[in-house]
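As a starting point, one isolated chain is supplied in structure tokens, in the form predicted on its own.
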């Protein structure tokens, strides 16, 4: 019987189980003290304001709204991303516009972005996607944002624990984003650097912006659930702005609190697995056929995904054979312009995004999760060798 190696497995143990069951025993399951504690941990970690939400998609949507995106406003992002990035633009009433990606990192190409801006495109916001956990060139993006007057919404769904020029993703990077309107959005989906099962976080240096997002995340009303039904003095609350049902529950937050305490250890394990993959691919002589993404100077990845480009034009065949041999794989990502909905709605032409079009048929993500054992990495690479043969 062939070995089964899942694409990912969340790093959960008795500490997380006890944290969640303690909330279940408490009788308070929705947003409450655990959410506040989770937000406080994020604020301590990044030095900014934090708003816990039901998903990263919710964080992206609220970010665009609080940064002033109105119906018809242009928002630029990458074609190599999960559909949620563009879904959020649509939800805010914005018009999504794609910018091609760098060959080596699959992050948004800042030179191509500048070309768009020089030709007269005037976005209200740009959403850089920190692909696979490696941050985009935020200094170059900040320069363009200042020159062309747009807001930045970082899609950091992959990037909790990453750094750019020794500053943590979501911190504002010292002085780099200090004079700009910006937010950063994180995901806590099960395969992300930390998980709450489902959930997200919006962070911002601007306290008023963060509080506006918090208000909108709870139907636009002036009292959170624990303020309406908890042990606090009575008062009347009211609806003061447009709102949504985007709040996080204490059940999710309890899981997140436990995970945050392990973030550095989980990150170190992911980094070690990434290094092992790279070493084994080189030692086995596979690099000419299976090219890992580049690691740029002054950027430390969160090592969320281990993505390779299959260079022989047989990516789908490789993916099928690996799955057949018990090795979980992912495709991150098939460019958005290849999805029928987006193609039909916006008429995006693959020829306008040659790098994204090409890598869409090459990218293959191999298993990577903190509890993955060295022998499992060796087995996965060994199966790649069999495929090459």
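Residue numbers count along the first chain shown, from 1. All of these numbers come straight from a predicted model, not from anything done at the bench.
One more form of this protein exists, namely the form predicted together with a small molecule; it is left out here, but the text below deals with it.
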{"property": "Residue 31: touches the small molecule in the predicted complex, heavy atom cutoff 4.5 angstroms", "result": "no"}
{"property": "Distance check, residue 252 to the small molecule in the predicted complex, heavy atom within 4.5 Å", "result": "no"}
{"property": "Residue 158, heavy atom within 4.5 angstroms of the small molecule in the predicted complex", "result": "yes"}
{"property": "Touches the small molecule in the predicted complex: residue 55 (any heavy atom, 4.5 Å)", "result": "yes"}
{"property": "Per-stretch contact check against the small molecule in the predicted complex, the hit in 314-322, 134-142, 279-287, 82-90 (non-hydrogen atom, 4.5 angstroms)", "result": "82-90"}
{"property": "Single option in 199, 256, 193, 172 placed near the small molecule in the predicted complex, where near means a heavy atom within 4.5 Å", "result": "199"}
{"property": "Contacting member of 129, 177, 308, 75, with respect to the small molecule in the predicted complex [4.5 Å, heavy atom]", "result": "129"}
